[in-house]
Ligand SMILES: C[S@@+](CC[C@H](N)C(=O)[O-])C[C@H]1O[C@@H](n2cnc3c(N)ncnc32)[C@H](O)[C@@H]1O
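In structure tokens, the next block holds one chain alone, the form predicted on its own.
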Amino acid sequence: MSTDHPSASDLERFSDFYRQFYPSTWDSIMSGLLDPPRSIQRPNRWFSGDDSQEVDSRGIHHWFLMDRASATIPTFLEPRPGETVLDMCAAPGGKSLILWELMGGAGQLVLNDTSPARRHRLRSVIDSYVPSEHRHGIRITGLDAARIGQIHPDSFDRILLDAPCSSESHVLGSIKAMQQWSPARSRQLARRQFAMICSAIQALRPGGRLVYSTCSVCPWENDGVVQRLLRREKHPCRLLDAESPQGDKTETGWIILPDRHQAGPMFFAVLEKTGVSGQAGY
């Protein structure tokens, strides 16, 4: 017999795993994941119509729908006009739009995603929210995020790595995703995330800033990845203090949970590169 939700046995297996990390709060967290907050309508800086319009005369959209926690993540990167900034896993593009706004439309913003379909969607978002006269500094690429640091070492002032993750909200809402879920998959994702974060540090210029984020609540994919990076002498970096208006402090960053903060889930940590990787070239 088919159902619209994961089976009780699958939910129990899933909960047993996460309860080891959240022994007293998992039931509340899972409730929040099952019924996450609605997206907010974030106003688009480049929109030139009036408040009654959804689209202006140039075809530029007024609002972008995204989670409130997601909308705060790019602000911790603190990009400046004229800098060279990389959004390492950029699609669907909401955070990319915020980065370009913070840059004042000046500098270079490289939006990377390996999936052709996701790059197509990313291009559509840019075309719908950024007027053509302000797109000159935006470039879309399809490189393997884990190799960007080797290809372009010491090349970016700031990098946002919103890494692919377990996305427990999605798993809880999908029978197929729940059936494919396992602790082994989370470990595999953490290994992939570690390769990406090492690549990000390598791609940064000395003194450059990295914001690492996921929408997972699994510590293996969050603090675990950052802690492993900090122990790796080959990629010298340090944690930066960050004060978040929402969320709870973790060992290396912050986590925003829907049951406690009516946003998220979202983990993030802010780092600075302290050494040199190789010959710059972007």
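Because the structure is predicted, anything quoted here is derived from the model rather than measured. Residue indices: 1-based, along the sequence shown.
Note that the form predicted together with this ligand isn't included here; everything after this is about it.
Heavy atoms of no residue among 203, 231 and 273 are located within 4.5 Å of this ligand in the predicted complex.
With the partner left out here, this ligand still marks one of 160-168, 178-186, 130-138, 100-108 in the predicted complex; by a 4.5 Å heavy atom cut-off that stretch is 160-168. Listed residues 190, 77, 85, 196 were compared with this ligand in the predicted complex; 196 is the one with a heavy atom within 4.5 Å. When you look in the predicted complex, the only residue of 174, 114, 124, 150 with a non-hydrogen atom within 4.5 Å of this ligand is 114. Residue contact with this ligand in the predicted complex: residue 92 places a heavy atom within 4.5 Å of it.
For residue 211, no non-hydrogen atom is located within 4.5 Å of this ligand in the predicted complex, even though that partner is not displayed. When contacts are judged by a 4.5 Å heavy atom cut-off, residue 118 counts as touching this ligand in the predicted complex.
Annotation for 134-148: interface residues with this ligand in the predicted complex are 143, 144, 145 [heavy atom within 4.5 Å].
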